[in-house]
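In structure tokens, the next block holds one chain alone, the form predicted on its own.
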């Protein structure tokens, strides 16, 4: 049976999570850990598997676009323990709505990309003949200017 390592160095945690050592220190400084990071002999950081599991949650929430203040608030709520589940649920529902909207915007982007791939495949296909439209047909809903937001980037179009 494999032994569970409960005393992990910052380098081991960086390896397991894919975060840099600098990012781990930043997460600690920002109060994103649920439990205080322990210190071993010589003041070196010592992590547990629970810390790695919590970091995995944080990584997924950040990758899905959760802002640091919201992640910090979520960590605070978890740290406080039972009794604030309503607030945790509200925070997660708000983020769920954000992610769902982001997925919708990304699906629209993917539709355009697929269209453009098809245009260029047709242009490069010697058997294809006829009129080639290089721009996506404008859907009726796109008559108004739109703004697509992906992470921190904004793309405006009309």
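Quick caveat, the model's predicted, so the values are computed rather than measured. Residue numbers count along the first chain shown, from 1.
Keep in mind that the form predicted in complex with the DNA is missing from the display, and what follows is about it.
J.: With the DNA left out of view, which of 126, 36, 118, 69 would have a heavy atom within 4.5 Å of it in the model of the complex?
T.: It is 69 that has a heavy atom within 4.5 Å of the partner.
J.: Specify the contacting stretch among 43 to 51, 101 to 109, 86 to 94, 118 to 126, defined as having any heavy atom within 4.5 Å of the DNA in the model of the complex.
T.: It is 43 to 51 that comes within 4.5 Å of the partner.
J.: Examine residue 25 and determine whether its closest non-hydrogen atom to the DNA in the model of the complex is within 4.5 angstroms.
T.: Yes.
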